[in-house]
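Here we start with a single chain on its own, the form predicted on its own, put down as structure tokens.
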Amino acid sequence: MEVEDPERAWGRLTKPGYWLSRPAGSARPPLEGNVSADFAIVGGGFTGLWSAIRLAEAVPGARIVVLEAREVGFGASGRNGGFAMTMVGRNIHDLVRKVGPAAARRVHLEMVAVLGEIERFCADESIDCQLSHPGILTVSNGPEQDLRIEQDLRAARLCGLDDFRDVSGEECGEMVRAHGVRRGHFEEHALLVDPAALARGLRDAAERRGVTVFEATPVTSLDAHPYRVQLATPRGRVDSRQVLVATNAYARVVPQLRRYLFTVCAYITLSAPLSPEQWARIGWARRMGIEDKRIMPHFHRPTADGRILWGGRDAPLLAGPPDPGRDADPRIFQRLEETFRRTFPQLSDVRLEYGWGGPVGGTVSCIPHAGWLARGRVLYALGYSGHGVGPSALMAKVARDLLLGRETPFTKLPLVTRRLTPLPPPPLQAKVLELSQRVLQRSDDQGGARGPLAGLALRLLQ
């Protein structure tokens, strides 16, 4: 049988993605000349923009500038699947294992509150990001994944949380007719958004609060002095009292962070709009988000224009900074299409129209972190490991309070108190990450972790 060449089959690629390819309004001008600021924020993604908003609200009249190298949302913030979840770390079981049930409960309850705040903020600010509140169904496709579902449910009970509902295989089938689903759990708090539209809406909301946003303004150097930080850009300079580095995967260019941060290449495909009859075949009436329990999970969701977004599966790990050449990998898109067809065989007549990729900032623990550089002049906040849409809004409260020198419940969360775990030294980093990704990918494809190498890789990345 003749096999279509993946490069030709997936010639329909959008770089950097479907969300960012939609109309954006007018671009913000680059920085020209020299300016002074109380707070300079490097990175115009969710962390940077939410932080700018929270700082402007806390300190009316403060001079706040956001410096974005490309356009607002260009990185992971504008290319992700648009899932805003309570998840911090890989899952609730993973969070309990790493920080204990009391701290995990605090983080989870803060995330529940934050998601409600995101929903209200978008309504109050008239941000048209196609926000919906359908919840998320996490499903199992095999015995190993059954165990992970049960671990989450046990962890939630241990934390005294009642918002993880056990869902039988039969009930899963009533929620969505997906082949191979055995059981699951459902959490109602999750939101779905158009992430690029959300980022652009946050930019506008920040500007309404007096924040100045510069696009097409990469920071070429950052020099910390005793009472100020100087940031150089191609056409100007910012002298700021304090700086927040909020570039996530792109923060690997900061030498002090290379021991802790690696790049995950994440991929998404998108179908053509489904007809009402095609939607009826799969019974996805609630239109909730869905994620499975692979180590490197699949995630899928409907969009407001009636498409199915299908992402995940392969996730190459890089020791270096983001590589734009990795944003489109036709063979990975082909593997994603294989799992889409296997999960929804009744949609054989639905074409996948788009595919794109993007860089995600990963840490060994998969828990995001905020910490200081340059003796308290430069703060960094990063490392969401693919789940940053919701937690970035919580991190903004952490960043605000740290920058303002406040000791609050936010600054006592594990996002601050739990130290980052270092990666192996540079000669070994690339080899260890590549081997870990290959072993875990094979384990997922074979239905579960097997052998000492898989166990070692799991311990490294979980």
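Please read all numbers here as calculations on a predicted model, not as lab measurements. Numbering starts at 1 and runs along the sequence shown.
Absent from the display: the form predicted together with a small molecule. The rest refers to it.
J.: Using a 4.5 Å heavy atom cut-off, which stretch among 265-273, 164-172, 204-212, 94-102 contacts the small molecule in the predicted complex?
T.: In short, 265-273.
J.: Check residue 359 for me: does it contact the small molecule in the predicted complex (non-hydrogen atoms, 4.5 angstroms)?
T.: Yes, residue 359 lies within 4.5 Å of the small molecule in the predicted complex.
J.: With a 4.5 Å heavy atom cut-off, would you call residue 140 a contact of the small molecule in the predicted complex?
T.: No, residue 140 is distant from the partner.
J.: Heavy atom to heavy atom, is residue 42 within 4.5 Å of the small molecule in the predicted complex?
T.: Contact with the small molecule, yes.
J.: Give a yes or no for residue 369: in the predicted complex, does one of its heavy atoms lie within 4.5 Å of a heavy atom belonging to the small molecule?
T.: Although the small molecule is absent here, residue 369 would stay clear of it in the predicted complex, with no heavy atoms inside 4.5 Å.
J.: Identify, from the list 343, 145, 240, 217, the residue with a heavy atom within 4.5 Å of the small molecule in the predicted complex.
T.: Answer to the contact question: 217.
J.: Which residue, 380, 333, 299, 284, has a heavy atom that falls within 4.5 Å of the small molecule in the predicted complex?
T.: Checking each option against the small molecule in the predicted complex, the one that comes within 4.5 Å is 299.
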